[in-house]
Every structure is written in structure tokens, then in C-alpha cells.
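Taken one at a time, structure 1 and structure 2 that follow are two forms of one protein chain, written as C-alpha cells.
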Structure 1
Amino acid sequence: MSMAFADYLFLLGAMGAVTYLPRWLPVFLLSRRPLPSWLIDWLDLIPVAVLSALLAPALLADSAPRALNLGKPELLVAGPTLLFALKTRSLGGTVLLGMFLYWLTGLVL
């Protein structure tokens, strides 16, 4: 990196500011007044939507170049991992099982 340390610090400060603002503004503004019920209903669906939006490309698509791929080991492992989560509802157990199965597919495939 050809950048001087002071310039690098300035960059980090600016990156930190634009990252912090969207994290802070909603909790600061929305926690001070009662929210309308429609907004609460809408926000209630946000976690499930965000999780699914994060997961789907990781399971179903290659990243470089971006392309649909229905044969990823990530997807193969997701099946039993999801069943285990439904059955046990154990977060730690699901993470460890997923890791183990993924490691296993790496050995086999």
C-alpha cells in the first residue's frame, strides 16, 4: 500500500462514519416514539427476509463469475443441516453439524 499512515487513518475514519450512521440513526430515531402498528408488522418480517436474502446466493450461486449453480456442496449440506435445526432447535449443534458435513463433502467430492 502506497498510502501514508495519516491518509489511511482518514480513510478508516470516513469508512467508520458511513458504516456507523445507518446502524445508529434508526435505533436512535425509532426507539424514542411509539411506532405505528403497520410498521411493526412490516419490521416483523425483516429478519426472516434478511436471513433468506443472505443465504440464498451462498447456497445457489457461484460468486466469480456470478452464475446459478444447483450443485454446490453448500446446498447439499444445507438439507440435513436444516432438518437437524428443525428437529433439535439447537444453534450450536446445527453449526457444528453443518461444519462437519461440509468438511466431509470436501473429503468425498
Structure 2
Amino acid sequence: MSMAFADYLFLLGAMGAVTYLPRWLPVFLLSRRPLPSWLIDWLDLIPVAVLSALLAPALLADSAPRALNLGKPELLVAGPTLLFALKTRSLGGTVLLGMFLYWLTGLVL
């Protein structure tokens, strides 16, 4: 079954609308209203929670089956890299230090 070019364009536009509308609508509706302070505080925690949810399995668990592993090289490197990031607030330096330490850990372990 082949699709016509117009069908592809319609599909592309529909996918764009479905992707864009859920992001645009809350910003449009809430941008002119004052938000309660508890909601602003709660919204500030979302990036930290998302980043933690993305990093914790990679740092703490083996792939299959999921088991806690505190000796992973990624976890050993994450500690000093986090301290460097907190101390310097330098994204570039943190990335370079993390890459260097990961490379060094690969040589040692």
C-alpha cells in the first residue's frame, strides 16, 4: 500500500499538531495568570525529578535483570563529577572531567 504525497503532508502536519498542541496549550493558558507559590515550587522540582529518573537506573543498576550494582564505573565517576559541577558550575568542564574520569576508570578497572 503506497501513500500519495498529499497523504504524507497531511500525516506530517497532523503529527506536528499533535506534538505541538499539548506543549503550547498549557503555556498559552497559564502565561497570563498568576500561579500560586506552591505550584511554582512544585514545578521547579520537575527537572530534578526527571533527571534523577533518567540517571538513577544507568548509575545504579545492571541492564538485565535489574539488580543493584554499586561498583559500576558510571557511579564511581558520577560522584567526583557531581562535586566538580557543584563547585565550579561549569558545564563544559564538568563534561570534560566526566569523560576523562570515565576513560581513566576504563583503564584502571
Partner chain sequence: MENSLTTSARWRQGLGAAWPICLGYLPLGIALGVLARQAGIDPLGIGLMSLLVFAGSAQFIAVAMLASGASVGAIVLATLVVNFRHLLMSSALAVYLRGVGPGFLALFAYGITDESFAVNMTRFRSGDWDRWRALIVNQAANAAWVLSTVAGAFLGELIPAGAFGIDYALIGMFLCLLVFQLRGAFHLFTALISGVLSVACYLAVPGDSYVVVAAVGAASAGFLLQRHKRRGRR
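Note that the rigid core is defined as the largest set of C-alphas that superpose within 1.5 Å between two forms. The first residue in the sequence of structure 1 is number 1, and each one after it adds one. Quick caveat: nothing in here was measured; it's all calculated off a predicted structure.
- Source of structure 2: the form predicted on its own.
- Hinge motion between structure 1 and structure 2 is captured by two rigid parts, the smaller swinging by 21° against the larger on C-alpha superposition.
- Core superposition places the Cα of residue 17 9.2 Å apart between structure 1 and structure 2.
- The shift recorded for the CA atom of residue 43 between structure 1 and structure 2 is 2.7 Å, with superposition on the rigid core.
- Here the rigid core is superposed, and residue 31 then shows its C-alpha moved by 6.2 angstrom between structure 1 and structure 2.
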